[in-house]
Each structure stands twice: as structure tokens, then as C-alpha cells.
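Have a look below at one chain only, the form predicted on its own, in C-alpha cells format.
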Amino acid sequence: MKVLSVASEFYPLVKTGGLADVVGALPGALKGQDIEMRPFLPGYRAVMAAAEGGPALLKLADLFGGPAWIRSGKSGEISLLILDAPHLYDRPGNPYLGPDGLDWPDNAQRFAALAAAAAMVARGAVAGLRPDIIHAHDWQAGLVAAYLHYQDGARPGVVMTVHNIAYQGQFSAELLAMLGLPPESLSIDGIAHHGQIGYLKAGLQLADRVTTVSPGYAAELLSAEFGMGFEGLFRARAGIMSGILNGIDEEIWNPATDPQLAASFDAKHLRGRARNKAAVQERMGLKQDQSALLFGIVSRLVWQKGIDLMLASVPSLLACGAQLAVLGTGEPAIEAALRDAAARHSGRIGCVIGFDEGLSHLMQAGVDALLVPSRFEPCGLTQLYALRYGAIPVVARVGGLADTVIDANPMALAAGVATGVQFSNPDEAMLQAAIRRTAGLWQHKPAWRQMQRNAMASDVSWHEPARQYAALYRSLQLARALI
């Protein structure tokens, strides 16, 4: 079976978040399911420079304002398709934001172009590459379903995956003619959303199957609290909707072989974590103290992630004798508040503002507990890395966090199955209670070591998610064959 995976990010070529990790890992994971998945990516500078470029397979004389080529490419062992459109993608920096930190003003055209070109491939425009299934990821690929729906002729089945409902891709209805979609598409049963063109809405409404990245988040999206205006549509399409947990690449994220660490270790030999803890403390300007409970945060520093709740909880954390190390980038106000906290509590709180892949690995291997106080979390990858590296996740009971961490309640501790700490109703009081509970667990080293070993034994691989995706693709292929 051939699957075309349409996405705006792909690790290791371009990454702003977990979407890139998922799109980068799925092709390899699906090989064991006899599925050939080929990612289709925008030809950003980083993609064009890093991918092993192949020949142009198709030339498009004018794609939203300039010529474009669909090219083959390679990233390691993974075969790619790349939309080489210099007028749309040959730009520096972030794939979505200009130098001023604002969205590129032509993002509507940039990602409509990706979707339109993917629809051409879906209908056989490139010889020998016609896919059986299209897998579209997030709003940037949402219009693929619309371009296929409003054109005549046979088409493959379309799977639409929502990685984060907060990012929806809303643009002016005046762009409809420019997008090449018919007037009837701008309806409640099409791509219209509150009087605008909704790229994500198009995918959710018109795809054959809708998935999100955890069973818990799939259930939450049916509610007004989490659905962000789409809960009615999710309820209407609940019969074709499912939640499939993300996995992680266990070769890249392996504490026994990770070259980014100060010392390697595994579940049977945890002593190496002490050297990594010391390295994190040194890097973050923290007091060298193995007895202090070291909390870590590796995250985007935004409201969704509850970093403001953590800032309000600093006194409780310090009262427990703990330390805090933070790595991430995000909202300027939160970044400034973290810098201020680190300055006021030198040696107890440290932060590095920015993206540092190597340091993120070191922190997972060195912090004692990883804080993830998200207000909502579709799946989350940082807690999966924490489990793999024996950093105890302290997580809000939402979405994929609730699905992946077993709370250290009395029954779970007695049964010897706990892997972390959960808290409900993400707010300051509940987070502070979770910090105090974690500090109490830290004092009981045999129980803490058991939790670490349980965490490191958790199956966070792509094996089961890949099996579920393969089953979904095959069921959709069969359903399309019967039409």
C-alpha cells in the first residue's frame, strides 16, 4: 500500500513542534506493516538544502503566482516528495512566521499550494506515484480533502489528523476564487467556518476519516471546553473519528546510546543519571546538589502549556527544597518572567530560552521529575521522552498525558505499576499539590526507583500506533473500493 503524507514539517529537516517528529517517524514505523509512506513537504530553504534532491517529476507553470516543480528527495532512508516553489517557500527562518514574528501574509496561498499539488499527485499526475491513501496533517494540509472532493473522478481515501485544534487556518472568504475552489464549497457542509475559509474545517468536514493523537484528546474534542468551536462537527463525525497515540523514535531517544548525554544508563543501571543531573545543574547555573529534587520543563513557553501556572507555583517548589530547570521558547512575557525568576532565585532556578535539541536530551536524562502542567495536550511527546529516560512525569490529567502516565496513587504504588504523578483541573492549587506530592515521593527512594524502572519499561514506541494506522488505512482502502 502507498500512502502520501502531506505535512508542513518533517524531522530532521524542519521542526517547530511535535508534528515534525510524528511525520518524520511514521514512514519508518509503517515499513513493518508493509506500507510505503512518502512525506510531501514544502520546499523551504532548509528542506531544499538538507534533502538529497532528485529530479523534477512534474512542472507546474503557475502555482499561486509563480512556477513550481514537484521533486523527489531523500532524508536518510526516507523517500520524499518536495514542492519546490521558490516564490512561496524560499525564505529564511520559521516556516510560518516572517522576520517580524507575524504570519507570512501569503500563508493562505503557501499552504493551499501544498494541498493543491498533493491533490494532483493523488490523482496520478506523477507517473508511478499514485497513492492509495492521502494522510493530511493539521490545517496546513486541510485543503487536500477539498481539492479532491470538488473535482470529478476517482480519488484515494483521505485521512485527516488533528495534532492541535488550537491552530485552525482561517482566511478571508474573498480568497475563494484565487484558491480555485467552486462557490458551492463555501458552505457549512464544505470549507466555510464562521464566514471565513477554514483550512482545518475543510479537512475535518470532507476527509473520509479523522484522527487525533490520543484517545483521551479524541473524547475531549467532543466538548465545548476543548473543541474550540469544532465540537459540533466532531460530534457529527464521531463515527469516523479515532484517537491513536503518538510514539517516539526509540533509537534517537535511547539513554543507553544517546551521544548527547554526559553518561549513558538503562533501567538496570541508573547511576549514570547522577552525572547527567550534575551536567544539567552546571549548564543551568544551579547549585550542585544531588539530594535536591530537580524539576525540569522542556516545552514551548505558551499559555497552553501552563507555564504561567508554574511561575505562580515557584514558592511552593522552593519551599520543598527543590530546583527548577527550564528549556524552551515562546511568548515574550513568559520568557521574561522566567528570566526574572532565575535572576531572583540564582542557584535554585535556571532557564535557557531557545531551542536546543542536545540540551533537551540531557535534561530528560538529568532532571528527577518533568513538569507538564498543560491546560490541554493532544498527546504530548515530552512526557514520553521522560518515561524513556526515567524522569518522573508530573502531568495534568488531560488528553494524551492522562493516557500515557500512570498516577502514583496508593493503589498503583501498592501494585508496583506507577510511572508518574497526575493532577486534575490544571490550576495553581492542583499543580502545587502535585509538586508537594512529588517531593514526598522523592523522600522514599525505593518507591522512586521503582517508578523510574516502571517508566522506562513503558512501551512508548511506534509499534502499536503503526499497527493501528495500518488497520485504519486498510479499512479505508476497502471502503473506497466498494463505492
Ligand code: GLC
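The structure displayed is predicted, hence computed values, not measured ones. All residue numbers refer to positions in the sequence shown, first residue = 1.
The same protein also has a form predicted together with this ligand, omitted here; what follows describes it.
In terms of contact with this ligand in the predicted complex, the residue from Val158, Ala113, Val213, Ala408 that brings a heavy atom within 4.5 Å is Val213. This chain is displayed alone, yet in the predicted complex one of Arg273, His163, His193, His149 has a heavy atom within 4.5 Å of this ligand; that residue is His163. The closest non-hydrogen atom of Val460 lies beyond 4.5 Å of this ligand in the predicted complex. This ligand in the predicted complex is not approached by Ser242, whose heavy atoms all lie more than 4.5 angstroms from it.
With a 4.5 Å cutoff on heavy atoms, Lys305 counts as touching this ligand in the predicted complex. Using a 4.5 Å cutoff between non-hydrogen atoms, Leu19 counts as a contact of this ligand in the predicted complex.
Comparing 309-317, 285-293, 194-202, 373-381 against this ligand in the predicted complex, the single stretch with non-hydrogen atoms within 4.5 angstroms of it is 373-381.
Contact annotation for 239-256: a single residue, Asn246, has a non-hydrogen atom within 4.5 angstroms of this ligand in the predicted complex.
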